[in-house]
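Form predicted alone, single chain, as structure tokens, below.
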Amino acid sequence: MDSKKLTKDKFGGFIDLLSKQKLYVPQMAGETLRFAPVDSKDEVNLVFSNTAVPPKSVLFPQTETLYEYEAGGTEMIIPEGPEEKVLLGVRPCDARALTIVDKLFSWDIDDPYYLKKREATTIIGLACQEPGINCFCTSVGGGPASTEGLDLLLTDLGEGYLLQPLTEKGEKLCQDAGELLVDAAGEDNQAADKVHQEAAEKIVRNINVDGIPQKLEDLWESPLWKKVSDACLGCGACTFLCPTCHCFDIQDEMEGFEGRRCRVWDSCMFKEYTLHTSGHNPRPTRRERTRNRVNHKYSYFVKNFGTIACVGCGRCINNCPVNIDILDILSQVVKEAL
């Protein structure tokens, strides 16, 4: 399907169309920008850089009930299937991140909780125009207008949006929008290309990742890991806010005779994550945990799935309370391996 154009005076009608399903857009929750359900059109504002909490949290919630039960009973009460939803305003890096999470949750055993939500969700992206100071998506295979993981890509042209349908879901949305949209002219597509190119040129940080997976294998006992982890507080912010991290714990919660089994986000940066019942911990210090985090993103995931598990969003850099910088670490990996 060819590109379409939506003028901003008809944006409200487009929101009405999307709201026929459960619509999520970036909104402030306290002091945190994250994707949340829309209650009114006034909550829809696409003027933002990126959310602090990635949209992954809608498909893989921080706390999720797997089933409920009663003490002494044999019946499991499984939540109903997911409702149809739309995520509007997803940045290309976060959409790419979902394709990475997809690989894990459909690996050796399909995860029905995640995959059913994924199938029931339409992802509408918003091309970046003002990348953040620590964005480096172009270094890891992405870009300000990357289309991986998206059903529809919007580009802000000032007076309207260029809509690029990418999947059957995206095409259906454009068809359903009917007279709200017009066919994009050649100059509209050219204007969008210019926006994309200018945004890519604004990305100031980069790293050459060629050979890094192999170099990491030779640095297992390097003093580098002690040096880069000395400042780490073990707070887990880098993993909790990462759009590709997927570690979780399973817990049972009881209140009276009623209980539920749920899964909650976990972090490989926590000491308890690898603590054995025997008391042994194969990653006893932050040195081992930092080494694991970097190797997982840039080595182990590459071996298992053929792609780096990092999309260059910069969240781990922006939100680290002690300014640990993944690009600085990777630069040191390259130097150490020379």
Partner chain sequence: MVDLEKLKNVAKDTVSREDVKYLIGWRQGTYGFRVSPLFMTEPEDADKLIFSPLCVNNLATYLTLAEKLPVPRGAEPDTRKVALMVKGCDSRAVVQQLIEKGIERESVLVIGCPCQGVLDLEKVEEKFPGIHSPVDVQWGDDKFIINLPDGPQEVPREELLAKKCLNCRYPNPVMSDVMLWEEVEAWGNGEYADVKELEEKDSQARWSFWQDKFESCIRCYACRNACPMCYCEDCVLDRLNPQWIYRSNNISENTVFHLARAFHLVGRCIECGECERVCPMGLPLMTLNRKLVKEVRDKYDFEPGLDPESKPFQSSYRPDDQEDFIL
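Positions refer to the first chain, counted from 1. For clarity, every value in this text was computed on a predicted model and none was experimentally measured.
As for the form predicted in complex with the partner chain, it is not shown, yet the points below apply to it.
A.B. asks: Are all three residues Glu253, Thr285 and Arg289 in contact with the partner chain in the predicted complex, where contact means a non-hydrogen atom within 4.5 Å?
C.D. replies: Spot residues vs the partner chain: full contact, yes.
A.B. asks: Within 4.5 Å of the partner chain in the predicted complex, heavy atoms considered, which of Ala237, Ala191, Ile207, Ala177?
C.D. replies: By the 4.5 Å criterion, the partner-contacting residue is Ala237.
A.B. asks: Considering the partner chain in the predicted complex, which of Leu166, Cys232, Ile212, Ala200 comes within 4.5 Å of it through any heavy atom?
C.D. replies: Only one option qualifies, and that one is Cys232.
A.B. asks: Would you point out which of 152-160, 91-99, 127-135, 180-188 contains residues with a non-hydrogen atom within 4.5 Å of the partner chain in the predicted complex?
C.D. replies: One stretch meets the cut-off, namely 127-135.
A.B. asks: Should Glu31 be counted as a contact of the partner chain in the predicted complex, where contact means heavy atoms within 4.5 Å?
C.D. replies: Contact with the partner chain, yes.
A.B. asks: Heavy atoms within 4.5 Å of the partner chain in the predicted complex: does Asn319 have any?
C.D. replies: Result yes; Asn319 sits at the interface with the partner chain in the predicted complex.
A.B. asks: Wondering, does Val53 line up within 4.5 Å of the partner chain in the predicted complex on heavy atoms?
C.D. replies: Yes, Val53 lies within 4.5 Å of the partner chain in the predicted complex.
A.B. asks: In the predicted complex, is there a heavy atom of the partner chain that lies within 4.5 Å of any heavy atom of Asp16, even though the partner is absent here?
C.D. replies: Outside the cut-off, so no.
A.B. asks: Within 4.5 Å of the partner chain in the predicted complex, which residues of 63-89 have a heavy atom? Give them in sequence order, or say none.
C.D. replies: Stretch hits: a single one, Thr63.
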